[in-house]
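Just one chain follows, in the form predicted on its own, and it is written as structure tokens.
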Amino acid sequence: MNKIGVVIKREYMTRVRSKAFIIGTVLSPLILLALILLPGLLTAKSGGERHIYVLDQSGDAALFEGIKNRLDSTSATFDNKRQFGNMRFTLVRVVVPPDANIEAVAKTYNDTIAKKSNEAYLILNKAILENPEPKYFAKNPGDLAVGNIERAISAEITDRRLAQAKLSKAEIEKYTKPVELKAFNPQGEEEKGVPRFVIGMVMLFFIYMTTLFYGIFVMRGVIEEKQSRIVEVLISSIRPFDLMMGKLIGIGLVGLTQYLIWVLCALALSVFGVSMFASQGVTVPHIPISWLIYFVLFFILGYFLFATLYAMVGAMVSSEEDAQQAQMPVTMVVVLPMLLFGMVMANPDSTLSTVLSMIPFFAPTLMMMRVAMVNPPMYQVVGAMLGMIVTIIAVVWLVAKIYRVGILMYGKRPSIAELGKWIRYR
């Protein structure tokens, strides 16, 4: 046992003191946070200016002014919907007589918009209130400006129709006020801020990435020791099983240390960050303590399950090139749940989702997703964990037999028949 402790200490201290660990511990959550928030932040700060010629055949100057005011960047909301992006719109009204061919007039602006991506023209037909068919022409007709323009026109036409029905401004606001849907769980708790499935996806992603990363870490560690022939010296003073378990536990503790740092940061953000961000209108997601406990437990179990298999791969091969092919079956088992999580997310309580989340190789990610979304019965969560523990014991027993022979074997990769012989060795 003391020899296992020495291996654990070496594996742990060597990696925790490395710059890669320190940078990864700090940067990984920041990078993930950036991937979630940066697109929206950049969109909010982006946009620029759109110069739009409004070919107006409606004969209603007030309609044009209404649309223009709604697109004014100083009043960035309409119908309680905020503009998508910090765009500035400059609208120029071009009056088109009712008897003129507006399509022919529009074609004269095609050369203008073809030269500049920030210029466009908008057609308002003469029966725009009765038969609204506005048309927008631009070099990039699929840019973010289209949604703002569409909502502005729709809101203004709706208001003018209601006004024609002799409704007052107060009545129009009353009848067009959007309905806010509030979501509650069975315990009567209101769901606010970041949806549960988003938090579940973040946790699933972290478990997937760290399990894969540290599993491959174990495999490469075994390969490096074989290539440098250090393993031959180690085996003279320690049993192969003890060496394997020391390596698994030591690297696993590195991952667990990283997880605990992230969990403490998540707790601090959840507990102390709420009031700080609330004053700025930002809702900080509340993460229950039970989720964080499950998060750590599923990582530990998932890590030991897959890292043991990666240790087996490392013992079987003699180079990184051979490992690329040999690790493929193990990697596919890790990746497969990520291909199924969309189905589980769509119906987390279905029989298929429940069965898939109980499979030991799928449980670390899929059960974590279900925990975040529907809080499945405790017996299912405990059953998934017990199934993983039994599988880990069986895999460790199997891999240990391969490992004790494989770490001293060099040359070509063993065949299935040879692996069977290794397992039968006493």
Partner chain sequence: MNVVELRNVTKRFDEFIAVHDLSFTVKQGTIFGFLGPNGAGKTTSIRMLVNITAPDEGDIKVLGEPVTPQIQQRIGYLPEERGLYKKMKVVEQLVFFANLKGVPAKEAERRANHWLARLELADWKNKTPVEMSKGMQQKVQLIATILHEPDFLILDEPFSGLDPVSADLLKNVILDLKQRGKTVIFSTHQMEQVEQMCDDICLINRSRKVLGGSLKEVKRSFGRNTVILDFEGDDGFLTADLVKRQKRFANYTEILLQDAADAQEILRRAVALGVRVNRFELVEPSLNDIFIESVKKTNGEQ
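Residue numbers count along the first chain shown, from 1. Only a predicted model underlies this, so the values are computations on that prediction, with no experimental measurement involved.
Quick note: we don't show the form predicted in complex with the partner chain, though the next part is all about it.
Query raised in the report: Pick from 321, 224, 111, 171: which has a non-hydrogen atom within 4.5 Å of the partner chain in the predicted complex?
Result: The option sitting close enough to the partner is 224.
task: Please pick, from 201, 338, 297, 235, the one residue with any non-hydrogen atom lying within 4.5 angstroms of the partner chain in the predicted complex.
output: Partner contact (heavy atom, 4.5 Å) among the options: 235.
Residues in which of 235 to 243, 304 to 312, 204 to 212, 147 to 155 have heavy atoms within 4.5 Å of the partner chain in the predicted complex? Selected stretch: 235 to 243.
With a 4.5 Å heavy atom cut-off, would you call residue 229 a contact of the partner chain in the predicted complex? Because a heavy atom of residue 229 falls inside 4.5 Å of the partner chain in the predicted complex, the answer is yes.
> With a 4.5 Å heavy atom cut-off, would you call residue 423 a contact of the partner chain in the predicted complex?
Replying inline: Contact check for residue 423: no, nothing within 4.5 Å of the partner chain in the predicted complex.
Partner proximity in the predicted complex: residue 25 to the partner chain, non-hydrogen atom cutoff 4.5 Å
No, no contact at 4.5 Å.
Residue 20 within 4.5 Å of the partner chain in the predicted complex, heavy atoms: No, residue 20 is distant from the partner.
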